[in-house]
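Here you get one chain, nothing else, as C-alpha coordinates; it is the form predicted on its own.
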(Lines give C-alpha, C1' and ligand atoms only; values in the text may rest on other atoms or scores of the structure.)
Protein backbone atom coordinates (compact mmCIF):
# COMPACT_ATOMS: atom_id res chain seq x y z
CA UNK A 1 0.00 0.00 0.00
CA UNK A 2 1.02 3.59 -0.54
CA UNK A 3 0.15 6.70 1.46
CA UNK A 4 0.22 10.01 -0.43
CA UNK A 5 0.35 13.22 1.57
CA UNK A 6 0.05 15.34 3.50
CA UNK A 7 -2.01 17.64 1.29
CA UNK A 8 -2.77 21.09 2.64
CA UNK A 9 -6.35 20.53 1.47
CA UNK A 10 -8.11 17.64 -0.25
CA UNK A 11 -11.38 18.37 -2.08
CA UNK A 12 -13.12 15.01 -2.47
CA UNK A 13 -16.23 16.04 -4.51
CA UNK A 14 -18.05 13.37 -2.51
CA UNK A 15 -21.66 13.45 -1.30
CA UNK A 16 -22.79 16.08 -3.83
CA UNK A 17 -26.14 15.82 -5.62
CA UNK A 18 -25.91 14.88 -9.29
CA UNK A 19 -28.35 17.57 -10.43
CA UNK A 20 -29.04 21.19 -9.71
CA UNK A 21 -27.12 24.10 -8.16
CA UNK A 22 -24.29 23.64 -5.66
CA UNK A 23 -23.10 25.95 -2.91
CA UNK A 24 -19.43 25.94 -2.01
CA UNK A 25 -20.22 24.98 1.59
CA UNK A 26 -21.29 21.58 0.26
CA UNK A 27 -17.71 20.77 -0.69
CA UNK A 28 -15.92 18.28 1.54
CA UNK A 29 -12.54 19.85 2.28
CA UNK A 30 -10.12 17.74 4.34
CA UNK A 31 -7.17 19.56 5.89
CA UNK A 32 -3.74 17.91 6.27
CA UNK A 33 -5.09 15.01 4.26
CA UNK A 34 -3.70 11.70 3.15
CA UNK A 35 -4.84 9.22 0.53
CA UNK A 36 -4.13 5.54 1.08
CA UNK A 37 -3.73 3.60 -2.18
CA UNK A 38 -4.01 -0.16 -2.62
CA UNK A 39 -2.88 -1.13 -6.12
CA UNK A 40 -4.65 1.47 -8.28
CA UNK A 41 -7.64 2.30 -6.10
CA UNK A 42 -8.32 4.34 -2.99
CA UNK A 43 -8.43 2.37 0.24
CA UNK A 44 -8.93 5.28 2.65
CA UNK A 45 -8.95 9.08 2.86
CA UNK A 46 -8.51 11.15 6.01
CA UNK A 47 -6.04 12.90 8.27
CA UNK A 48 -2.53 12.06 7.10
CA UNK A 49 -1.03 11.34 10.52
CA UNK A 50 -4.00 9.19 11.51
CA UNK A 51 -3.69 7.07 8.35
CA UNK A 52 0.08 6.82 8.75
CA UNK A 53 -0.30 5.60 12.32
CA UNK A 54 -3.19 3.24 11.58
CA UNK A 55 -1.50 1.44 8.72
CA UNK A 56 2.10 1.63 9.94
CA UNK A 57 3.75 -1.78 9.77
CA UNK A 58 1.68 -2.96 6.80
CA UNK A 59 4.44 -2.51 4.19
CA UNK A 60 3.41 1.10 3.81
CA UNK A 61 5.14 3.03 1.05
CA UNK A 62 5.17 6.78 1.75
CA UNK A 63 4.76 9.23 -1.13
CA UNK A 64 5.64 12.19 1.07
CA UNK A 65 4.70 15.74 0.04
CA UNK A 66 6.95 18.42 1.49
CA UNK A 67 5.19 21.45 -0.02
CA UNK A 68 1.75 22.99 0.22
CA UNK A 69 -0.51 21.29 -2.34
CA UNK A 70 -4.27 21.24 -2.78
CA UNK A 71 -5.65 18.06 -4.35
CA UNK A 72 -8.74 17.31 -6.44
CA UNK A 73 -10.00 14.28 -8.36
CA UNK A 74 -8.34 14.00 -11.76
CA UNK A 75 -10.28 16.11 -14.25
CA UNK A 76 -12.53 14.44 -16.82
CA UNK A 77 -13.01 15.96 -20.28
CA UNK A 78 -16.25 14.43 -21.52
CA UNK A 79 -16.20 15.82 -25.07
CA UNK A 80 -13.09 16.10 -27.27
CA UNK A 81 -12.10 15.56 -30.90
CA UNK A 82 -8.34 15.21 -30.38
CA UNK A 83 -7.82 12.70 -33.21
CA UNK A 84 -7.41 14.86 -36.33
CA UNK A 85 -4.88 16.04 -38.89
CA UNK A 86 -4.04 19.46 -40.29
CA UNK A 87 -4.91 22.98 -39.15
CA UNK A 88 -7.89 25.30 -39.53
CA UNK A 89 -6.00 28.54 -38.87
CA UNK A 90 -7.31 29.80 -42.20
CA UNK A 91 -10.89 29.26 -41.01
CA UNK A 92 -10.08 31.10 -37.80
CA UNK A 93 -8.68 34.08 -39.69
CA UNK A 94 -11.86 34.22 -41.79
CA UNK A 95 -14.02 34.21 -38.65
CA UNK A 96 -11.99 37.08 -37.25
CA UNK A 97 -12.70 38.92 -40.51
CA UNK A 98 -16.43 38.51 -39.96
CA UNK A 99 -17.45 35.31 -41.72
CA UNK A 100 -19.65 32.81 -39.91
CA UNK A 101 -18.94 29.15 -39.19
CA UNK A 102 -21.54 28.07 -41.74
CA UNK A 103 -20.27 30.48 -44.41
CA UNK A 104 -16.75 29.12 -44.06
CA UNK A 105 -18.04 25.56 -44.34
CA UNK A 106 -19.90 26.43 -47.54
CA UNK A 107 -16.65 27.82 -48.98
CA UNK A 108 -14.85 24.50 -48.52
CA UNK A 109 -13.51 25.03 -45.02
CA UNK A 110 -14.95 23.66 -41.82
CA UNK A 111 -15.25 19.99 -40.95
CA UNK A 112 -14.82 18.79 -44.52
CA UNK A 113 -11.36 20.34 -44.84
CA UNK A 114 -10.25 18.44 -41.72
CA UNK A 115 -11.78 15.24 -43.08
CA UNK A 116 -9.64 15.49 -46.21
CA UNK A 117 -6.44 15.96 -44.20
CA UNK A 118 -7.31 13.22 -41.70
CA UNK A 119 -8.03 10.69 -44.44
CA UNK A 120 -4.50 11.19 -45.78
CA UNK A 121 -2.80 9.96 -42.60
CA UNK A 122 -2.15 6.37 -41.59
CA UNK A 123 -3.59 4.81 -38.46
CA UNK A 124 -0.16 4.99 -36.81
CA UNK A 125 0.19 8.69 -37.62
CA UNK A 126 -3.27 9.43 -36.18
CA UNK A 127 -2.41 7.37 -33.12
CA UNK A 128 0.74 9.43 -32.54
CA UNK A 129 -1.15 12.71 -32.91
CA UNK A 130 -3.79 11.53 -30.44
CA UNK A 131 -1.10 10.53 -27.94
CA UNK A 132 0.54 13.95 -28.13
CA UNK A 133 -2.73 15.78 -27.48
CA UNK A 134 -3.77 13.34 -24.74
CA UNK A 135 -0.47 13.93 -22.96
CA UNK A 136 -1.07 17.67 -23.13
CA UNK A 137 -4.44 17.09 -21.46
CA UNK A 138 -2.62 15.12 -18.76
CA UNK A 139 -0.27 18.04 -18.06
CA UNK A 140 -3.40 20.15 -17.55
CA UNK A 141 -4.78 17.68 -15.00
CA UNK A 142 -7.13 15.67 -17.25
CA UNK A 143 -6.84 11.97 -16.43
CA UNK A 144 -9.85 10.73 -18.45
CA UNK A 145 -10.99 12.07 -21.83
CA UNK A 146 -13.67 11.12 -24.30
CA UNK A 147 -12.41 11.15 -27.92
CA UNK A 148 -14.68 11.22 -30.95
CA UNK A 149 -14.11 9.99 -34.46
CA UNK A 150 -15.95 11.97 -37.14
CA UNK A 151 -13.15 13.24 -39.36
CA UNK A 152 -13.09 10.07 -41.46
CA UNK A 153 -16.68 9.99 -42.73
CA UNK A 154 -16.26 6.73 -44.59
CA UNK A 155 -16.37 3.19 -43.26
CA UNK A 156 -12.63 2.69 -43.80
CA UNK A 157 -11.53 6.06 -42.40
CA UNK A 158 -13.84 5.97 -39.39
CA UNK A 159 -12.50 2.54 -38.46
CA UNK A 160 -8.96 3.90 -38.87
CA UNK A 161 -9.72 6.72 -36.45
CA UNK A 162 -11.38 4.53 -33.86
CA UNK A 163 -8.54 2.02 -33.99
CA UNK A 164 -6.03 4.85 -33.58
CA UNK A 165 -7.89 6.14 -30.53
CA UNK A 166 -8.11 2.68 -28.98
CA UNK A 167 -4.41 1.95 -29.58
CA UNK A 168 -3.10 5.32 -28.39
CA UNK A 169 -0.39 4.81 -25.77
CA UNK A 170 -1.03 7.33 -23.01
CA UNK A 171 -1.67 7.37 -19.28
CA UNK A 172 -4.96 9.17 -19.94
CA UNK A 173 -7.97 6.86 -20.11
CA UNK A 174 -9.48 7.53 -23.54
CA UNK A 175 -13.20 6.83 -24.03
CA UNK A 176 -13.87 6.45 -27.78
CA UNK A 177 -17.12 7.65 -29.34
CA UNK A 178 -18.22 6.95 -32.91
CA UNK A 179 -19.20 10.24 -34.55
CA UNK A 180 -19.41 9.00 -38.12
CA UNK A 181 -22.61 11.10 -38.26
CA UNK A 182 -20.68 14.37 -37.98
CA UNK A 183 -21.75 15.67 -41.38
CA UNK A 184 -22.72 13.95 -44.60
CA UNK A 185 -19.44 13.72 -46.56
CA UNK A 186 -19.31 15.76 -49.74
CA UNK A 187 -18.07 12.79 -51.73
CA UNK A 188 -21.01 10.59 -50.74
CA UNK A 189 -23.35 10.04 -53.67
CA UNK A 190 -26.68 9.91 -51.95
CA UNK A 191 -28.92 11.56 -49.38
CA UNK A 192 -28.11 12.16 -45.73
CA UNK A 193 -30.56 9.39 -44.85
CA UNK A 194 -28.75 6.98 -47.17
CA UNK A 195 -25.42 7.92 -45.59
CA UNK A 196 -26.77 7.20 -42.11
CA UNK A 197 -28.02 3.83 -43.35
CA UNK A 198 -24.55 3.03 -44.67
CA UNK A 199 -23.03 3.83 -41.28
CA UNK A 200 -25.56 1.66 -39.51
CA UNK A 201 -25.24 -1.32 -41.87
CA UNK A 202 -21.55 -1.29 -42.80
CA UNK A 203 -19.72 0.48 -39.96
CA UNK A 204 -21.43 0.02 -36.62
CA UNK A 205 -21.49 -3.82 -36.65
CA UNK A 206 -17.69 -3.78 -37.07
CA UNK A 207 -17.37 -1.18 -34.29
CA UNK A 208 -19.40 -3.47 -32.06
CA UNK A 209 -17.53 -6.65 -33.02
CA UNK A 210 -14.09 -5.09 -32.49
CA UNK A 211 -15.27 -3.32 -29.33
CA UNK A 212 -14.00 -0.01 -30.68
CA UNK A 213 -16.72 2.03 -28.95
CA UNK A 214 -19.98 1.62 -27.08
CA UNK A 215 -21.06 5.21 -27.72
CA UNK A 216 -22.55 6.79 -30.86
CA UNK A 217 -22.90 10.53 -31.44
CA UNK A 218 -24.65 12.58 -34.13
CA UNK A 219 -24.54 16.29 -35.00
CA UNK A 220 -28.06 17.69 -35.36
CA UNK A 221 -27.92 21.01 -37.19
CA UNK A 222 -28.85 22.62 -40.51
CA UNK A 223 -25.35 21.92 -41.83
CA UNK A 224 -25.37 18.31 -40.62
CA UNK A 225 -28.42 16.09 -39.93
CA UNK A 226 -32.09 16.83 -39.38
CA UNK A 227 -34.03 15.79 -36.31
CA UNK A 228 -36.18 13.40 -38.35
CA UNK A 229 -33.22 11.64 -39.99
CA UNK A 230 -31.40 11.48 -36.65
CA UNK A 231 -34.43 10.01 -34.90
CA UNK A 232 -34.67 7.06 -37.28
CA UNK A 233 -30.92 6.49 -37.16
CA UNK A 234 -30.69 6.63 -33.37
CA UNK A 235 -33.54 4.17 -32.90
CA UNK A 236 -31.58 1.64 -34.91
CA UNK A 237 -28.36 2.53 -33.09
CA UNK A 238 -30.02 1.83 -29.75
CA UNK A 239 -31.22 -1.53 -31.07
CA UNK A 240 -27.57 -2.38 -31.76
CA UNK A 241 -26.81 -1.78 -28.07
CA UNK A 242 -24.94 1.54 -28.22
CA UNK A 243 -25.26 4.42 -25.78
CA UNK A 244 -26.38 7.63 -27.47
CA UNK A 245 -25.01 11.16 -27.18
CA UNK A 246 -26.04 14.13 -29.30
CA UNK A 247 -24.44 17.34 -30.54
CA UNK A 248 -27.51 19.53 -30.08
CA UNK A 249 -28.78 23.10 -29.88
CA UNK A 250 -25.51 24.66 -31.02
CA UNK A 251 -26.93 27.08 -33.59
CA UNK A 252 -30.62 26.10 -33.54
CA UNK A 253 -32.90 24.21 -31.16
CA UNK A 254 -34.24 20.70 -31.69
CA UNK A 255 -31.36 18.42 -30.81
CA UNK A 256 -31.94 18.57 -27.07
CA UNK A 257 -35.56 17.53 -27.41
CA UNK A 258 -34.57 14.50 -29.46
CA UNK A 259 -31.94 13.64 -26.85
CA UNK A 260 -34.68 13.57 -24.23
CA UNK A 261 -36.98 11.54 -26.47
CA UNK A 262 -34.23 8.98 -27.16
CA UNK A 263 -33.03 8.90 -23.53
CA UNK A 264 -29.53 9.92 -24.58
CA UNK A 265 -26.74 9.93 -22.00
CA UNK A 266 -25.97 13.57 -22.75
CA UNK A 267 -26.70 16.42 -25.10
CA UNK A 268 -23.66 18.56 -25.80
CA UNK A 269 -23.33 22.25 -26.81
CA UNK A 270 -26.71 23.91 -25.97
CA UNK A 271 -25.61 27.45 -26.85
CA UNK A 272 -28.94 28.03 -28.61
CA UNK A 273 -31.18 26.37 -26.00
CA UNK A 274 -34.23 28.42 -25.02
CA UNK A 275 -36.10 28.25 -21.71
CA UNK A 276 -38.40 25.49 -22.94
CA UNK A 277 -35.40 23.35 -23.87
CA UNK A 278 -33.69 24.15 -20.56
CA UNK A 279 -36.72 23.11 -18.54
CA UNK A 280 -37.15 19.93 -20.56
CA UNK A 281 -33.51 18.93 -20.08
CA UNK A 282 -33.71 19.64 -16.35
CA UNK A 283 -36.75 17.40 -15.97
CA UNK A 284 -35.07 14.52 -17.80
CA UNK A 285 -32.14 12.20 -17.08
CA UNK A 286 -30.11 13.65 -19.94
CA UNK A 287 -26.89 15.35 -18.84
CA UNK A 288 -26.27 18.84 -20.21
CA UNK A 289 -22.65 19.03 -21.36
CA UNK A 290 -21.64 22.59 -22.15
CA UNK A 291 -18.59 23.43 -24.24
CA UNK A 292 -17.14 26.86 -23.42
CA UNK A 293 -14.20 26.26 -25.76
CA UNK A 294 -16.56 26.39 -28.74
CA UNK A 295 -18.03 29.70 -27.58
CA UNK A 296 -14.55 31.15 -27.12
CA UNK A 297 -13.40 29.80 -30.48
CA UNK A 298 -16.45 31.01 -32.39
CA UNK A 299 -17.05 34.23 -30.47
CA UNK A 300 -20.63 33.30 -29.61
CA UNK A 301 -22.51 33.36 -26.29
CA UNK A 302 -21.85 30.62 -23.77
CA UNK A 303 -24.42 27.90 -23.19
CA UNK A 304 -26.91 28.97 -20.47
CA UNK A 305 -25.14 27.06 -17.71
CA UNK A 306 -26.63 29.11 -14.86
CA UNK A 307 -30.18 28.64 -16.11
CA UNK A 308 -29.62 24.92 -16.64
CA UNK A 309 -28.40 24.47 -13.08
CA UNK A 310 -31.14 26.60 -11.55
CA UNK A 311 -33.74 24.60 -13.48
CA UNK A 312 -32.29 21.43 -11.93
CA UNK A 313 -30.13 19.96 -14.68
CA UNK A 314 -26.93 17.98 -14.31
CA UNK A 315 -24.25 20.20 -15.85
CA UNK A 316 -20.98 18.80 -17.18
CA UNK A 317 -18.28 21.02 -18.70
CA UNK A 318 -16.01 19.82 -21.52
CA UNK A 319 -13.43 21.39 -23.81
CA UNK A 320 -14.69 20.29 -27.27
CA UNK A 321 -11.01 20.42 -28.28
CA UNK A 322 -11.10 20.33 -32.08
CA UNK A 323 -9.31 22.05 -34.97
CA UNK A 324 -12.18 24.28 -36.02
CA UNK A 325 -14.50 25.75 -33.43
CA UNK A 326 -12.53 24.96 -30.25
CA UNK A 327 -8.76 24.94 -30.85
CA UNK A 328 -7.82 26.01 -27.30
CA UNK A 329 -8.05 22.63 -25.58
CA UNK A 330 -7.48 23.83 -22.01
CA UNK A 331 -10.45 22.44 -20.08
CA UNK A 332 -9.70 24.02 -16.72
CA UNK A 333 -9.13 27.49 -18.16
CA UNK A 334 -12.35 27.28 -20.17
CA UNK A 335 -14.36 26.06 -17.19
CA UNK A 336 -12.99 28.88 -15.02
CA UNK A 337 -13.92 31.53 -17.59
CA UNK A 338 -17.36 30.01 -18.09
CA UNK A 339 -17.84 30.30 -14.33
CA UNK A 340 -17.21 34.05 -14.46
CA UNK A 341 -19.69 34.75 -17.24
CA UNK A 342 -22.36 32.32 -16.09
CA UNK A 343 -21.91 33.00 -12.36
CA UNK A 344 -21.11 29.43 -11.41
CA UNK A 345 -19.94 28.66 -7.90
CA UNK A 346 -16.57 27.02 -7.44
CA UNK A 347 -18.40 23.83 -6.47
CA UNK A 348 -20.45 23.88 -9.69
CA UNK A 349 -17.38 24.45 -11.85
CA UNK A 350 -15.40 21.68 -10.15
CA UNK A 351 -18.32 19.23 -10.30
CA UNK A 352 -18.67 20.00 -14.00
CA UNK A 353 -15.19 18.65 -14.71
CA UNK A 354 -15.11 15.84 -12.13
CA UNK A 355 -18.14 14.07 -10.66
CA UNK A 356 -20.73 15.29 -13.16
CA UNK A 357 -18.48 14.80 -16.17
CA UNK A 358 -17.88 11.24 -14.98
CA UNK A 359 -21.65 10.74 -15.09
CA UNK A 360 -21.71 12.07 -18.66
CA UNK A 361 -19.42 9.16 -19.58
CA UNK A 362 -21.26 6.65 -17.35
CA UNK A 363 -18.13 6.15 -15.25
CA UNK A 364 -18.91 5.51 -11.60
CA UNK A 365 -15.33 4.75 -10.51
CA UNK A 366 -13.79 8.24 -10.81
CA UNK A 367 -14.52 11.95 -10.51
CA UNK A 368 -14.80 11.58 -6.72
CA UNK A 369 -12.00 10.85 -4.26
CA UNK A 370 -13.49 8.14 -2.08
CA UNK A 371 -12.86 4.54 -1.03
CA UNK A 372 -13.02 2.12 -3.94
CA UNK A 373 -12.57 4.69 -6.71
CA UNK A 374 -9.58 4.88 -9.04
CA UNK A 375 -6.77 6.94 -7.52
CA UNK A 376 -6.71 9.69 -10.15
CA UNK A 377 -5.49 12.86 -8.42
CA UNK A 378 -4.41 16.31 -9.53
CA UNK A 379 -2.68 18.74 -7.15
CA UNK A 380 -1.89 22.45 -7.37
CA UNK A 381 0.77 24.44 -5.52
CA UNK A 382 -1.38 26.60 -3.26
CA UNK A 383 -2.81 26.53 0.26
CA UNK A 384 -6.42 27.42 -0.66
CA UNK A 385 -8.52 25.48 -3.19
CA UNK A 386 -10.29 28.68 -4.24
CA UNK A 387 -7.03 30.05 -5.62
CA UNK A 388 -7.11 27.46 -8.40
CA UNK A 389 -10.36 28.73 -9.93
CA UNK A 390 -9.44 32.32 -9.06
CA UNK A 391 -6.35 32.09 -11.29
CA UNK A 392 -8.63 31.12 -14.24
CA UNK A 393 -6.42 28.34 -15.55
CA UNK A 394 -3.11 30.16 -15.21
CA UNK A 395 -2.14 28.06 -12.20
CA UNK A 396 -1.15 24.69 -13.66
CA UNK A 397 -1.01 21.32 -11.88
CA UNK A 398 2.12 20.68 -9.84
CA UNK A 399 1.58 16.92 -9.65
CA UNK A 400 -0.70 14.32 -11.23
CA UNK A 401 -1.27 10.74 -10.08
CA UNK A 402 -2.91 8.23 -12.42
CA UNK A 403 -4.22 5.11 -10.71
CA UNK A 404 -1.99 5.96 -7.77
CA UNK A 405 1.18 6.36 -9.85
CA UNK A 406 2.92 9.73 -9.80
CA UNK A 407 3.47 11.04 -13.32
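A quick note: this is a predicted structure, and the numbers were derived from the prediction, not measured. Numbering follows the first chain given and starts at 1.
FYI, the form predicted in complex with a small molecule isn't displayed, but the following is about it.
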4.5 Å heavy atom contact, residue 219 and the small molecule in the model of the complex: yes
Contact flag, residue 111 vs the small molecule in the model of the complex, heavy atom cut 4.5 Å: yes
The small molecule contact at residue 336 in the model of the complex, heavy atom, 4.5 Å: no
Heavy atom of residue 332 within 4.5 Å of the small molecule in the model of the complex: no
Triple contact flag 7, 75 and 397 to the small molecule in the model of the complex, non-hydrogen atom at 4.5 angstroms: no
Partner-proximal stretch of 155 to 163, 233 to 241, 258 to 266, 319 to 327 relative to the small molecule in the model of the complex, 4.5 angstroms, heavy atom: 319 to 327
